[in-house]
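The data below hold one chain only, encoded as structure tokens and taken in the form predicted alone.
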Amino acid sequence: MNSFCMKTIKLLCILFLPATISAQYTYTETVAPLIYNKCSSCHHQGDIAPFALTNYKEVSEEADMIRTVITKHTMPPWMPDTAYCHFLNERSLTHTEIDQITSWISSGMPKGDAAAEPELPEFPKSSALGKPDLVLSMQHSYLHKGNNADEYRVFVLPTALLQQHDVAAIEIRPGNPAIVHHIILGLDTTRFADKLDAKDPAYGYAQYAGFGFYPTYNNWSGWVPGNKTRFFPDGIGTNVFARSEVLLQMHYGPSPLDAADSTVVNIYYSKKPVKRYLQSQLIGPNEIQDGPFFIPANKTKTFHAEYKVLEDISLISITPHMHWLGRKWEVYAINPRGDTTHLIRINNWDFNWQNFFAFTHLVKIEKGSVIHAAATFDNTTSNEANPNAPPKNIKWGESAKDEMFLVYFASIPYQTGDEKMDGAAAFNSFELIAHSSASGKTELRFTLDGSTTANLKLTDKDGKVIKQFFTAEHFEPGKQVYPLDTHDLKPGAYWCKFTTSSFTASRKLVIP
């Protein structure tokens, strides 16, 4: 073969090298873990997404759409800029992960070894946190009229508790997410809500803003679209009082059709002593420095607010809130020495995917620091989410067609060492330490972002279950080391499959 032919062959090899490399990615080993951990929680039957992504067939049929939305970074939905600050349970895909999925699609979507596919997480219908200690349900469903109008309504949920309890988590599960704009919980011991309820002939009582009075706790908890509930860090919590009532303030958005809702509140008692109770801070219209809050039609406008911190605090989470005209957020703190701490930046606001964003570690904000919050609103025709066509002058208001500028913080009084405390724990991860033939044992190491139950089974290369290491085993948040007895296994290749309600992973185990 002459030198020209050899050079041509080498050139062709170089040109086609990316396709060769992309072929290494298979569905079972590379794509399935990404889809199941970052997409399937919404994309499964009965949840908010319009189609399911729970197996090879479903994913491969939607491959072109998946490639489009992940390269545009519109899916998975995650608003905070990860280059600015990190939070727990970040759903965004890294550039490497996007390349892996797109390369897999370009290479013909090879399925791979069936035994390597991780188990699909078991998505709970009643709770994402396990069995609650107290379940508060609406007395019966409420019918929201299909008149294309907003509706605010408060429902009184008696706790019937004979004693006070420390609380480790509060989970709100909307009965009909399609019509629920947001939910605010109050906790009350005055029984004044009963009087307001008695005056309204329908179930609950109409209340445009707040609860119509000041309950014991005005903002005990809440829910917004895209919200993910988690347990508070160890030693931190809130409480629910004896003979108290939970006030469920529902904001039902405009709907063209009658729709029923029956929302449930799950409460989890703290299994460990609570040493510090949650407190909250709010940046709102009163803190805006360049007001008044008014957005003219056909204009884009940015508002800047400042909030002075009066004591050392440790931030647990941050929740910015605006409506359909919202475009951007940037929130940061400047301490008395002039040092800046990034808190959150959102470059592309999406009303549908708000959240209570929990920091990966508690964030200390010193006394005397100033928290700055800047938000940009687009009230022009270029904003496809603008609810008014043509655009109208917009003021502050409770309606979905009005606007808001709010930043909620959950915090605790600062103590030395808080900066090292995980927000709930590190990101979910799973590691299998190599088998030791001398001891006949294997170490399973994993990190959980919240208290959960988990399953672990061992399958052979054909997917047949060889051993069930544990089922519905309870684990606390944080790093875990679990010894696995493998002395009775025959030499060969196996697959360990680890699954929780929100996380799944599969690792190969070779017994020599």
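All figures in this text were calculated on a predicted structure; none of them were measured in a lab. Here, rigid core means the biggest group of C-alpha atoms that superpose within 1.5 Å across both forms. Start at 1 with the first residue shown and count on from there.
FYI, the form predicted together with a small molecule isn't displayed, but the following is about it.
A single residue from the set 444, 70, 448, 456 has any heavy atom within 4.5 angstroms of the small molecule in the predicted bound form; that residue is 70. Here is the short version: of 475, 51, 482, 470, the single residue with a heavy atom within 4.5 Å of the small molecule in the predicted bound form is 51.
Screening 377 to 385, 324 to 332, 356 to 364, 91 to 99 for residues having heavy atoms within 4.5 Å of the small molecule in the predicted bound form returns a single hit, 91 to 99. Though the partner is left out of this view, residue 65 does reach within 4.5 Å of the small molecule in the predicted bound form, counting heavy atoms only.
Using a 4.5 angstroms limit between non-hydrogen atoms, residue 215 is distant from the small molecule in the predicted bound form.
Taking the partner from elsewhere, residue 26 is found to have every heavy atom lying beyond 4.5 Å of the small molecule in the predicted bound form. At the 4.5 Å threshold, heavy atoms of residue 75 reach the small molecule in the predicted bound form. Within 4.5 Å of the small molecule in the predicted bound form, a heavy atom is found for every one of 38, 43 and 225. Relative to the superposed core, residue 181 undergoes a C-alpha shift of no less than 2 Å between the shown form and the other one.
After superposition on the rigid core, the Cα of residue 150 moves by 2 Å or more between the shown form and the other one. In the predicted bound form, the separation between the C-alpha atoms of residue 328 and residue 178 grows by 3 Å or more relative to the displayed form. Shown here is a form in which the CA atoms of residue 51 and residue 180 lie at least 3 Å farther apart than they do in the predicted bound form.
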